[in-house]
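One chain is shown next in structure tokens, namely the form predicted alone.
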């Protein structure tokens, strides 16, 4: 392969994978940053978004509409989870939510297999997304570029939400001084359920976007969850900027690993994580910094 083509395609692939990691991990991180809940079932919600997307597209719905509807459907599931399962444990130690969400993950993975089966499924994007385009003189799959643009748009939208809106102000205040938010007459229960639903919607969006790239299969949630936790630990639990940097870093390292040392790609990722934590135990930007 020509060196120029290889470099351009590899750089773009690093950005695409890093963008996907960001899209999925950031929802989990926002939930932790505000509600202090580590949702082990987040990967299953990512898979649920992919399966919802597959079903919607298979029934004839336009893929672009499915990109909107599938995350909303996952958000509704998230609301039920938060109200029914997590709310009763709100004032208990974090270990309760860890156990509950782990059980929920096992249940949801089994439910996905029961409804859709064990076979690998394919989400077919529109024909125009299946073509190629030229970037820096190099042909590149249009759908991968679409993923990159979607994640960039998500990053920009999230920044505007957190930094420039009243909702963002409430979220930042709730992550640091929840008592003050409550004293201002804002219902913290509504904040928690809204944040959880939003995080679940991001996971669902990541699932349907990743579906045409990676296919849809029952174990996809568990595999993505591992990568998301690596991103969270490296970036710093609760830190949005840290997770953004970590997602791009892990995406780059993992992509290069699969290119040069396929069988040991994830080993390199874990070694890098260990080295970072050795010198920065709370991650790149530190735990709990909702910024």
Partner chain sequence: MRILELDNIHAYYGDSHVIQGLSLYVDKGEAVSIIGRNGVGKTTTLRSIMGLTPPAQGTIKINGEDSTKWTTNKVVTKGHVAYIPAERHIFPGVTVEENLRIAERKSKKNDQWNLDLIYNKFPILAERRKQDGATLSGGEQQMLAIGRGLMSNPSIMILDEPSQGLAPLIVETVVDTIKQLCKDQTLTLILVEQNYHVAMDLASRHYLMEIKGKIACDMSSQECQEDLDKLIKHLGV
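Residue numbers count along the first chain shown, from 1. Computed from a predicted model, the values in this text were never measured in an experiment.
This next part talks about the form predicted in complex with the partner chain, which is not shown.
Out of the listed residues 160, 177, 111, 213, 177 is the one that sits within 4.5 Å of the partner chain in the predicted bound form by at least one heavy atom. Checking 81, 191, 173, 100 for any heavy atom within 4.5 Å of the partner chain in the predicted bound form turns up a single hit: 173.
Partner contact region in the predicted bound form: 163-171, out of 214-222, 118-126, 193-201, 163-171, criterion any non-hydrogen atom within 4.5 Å of the partner chain. Among residues of the shown chain, residue 184 is one whose heavy atoms approach the partner chain to within 4.5 Å in the predicted bound form.
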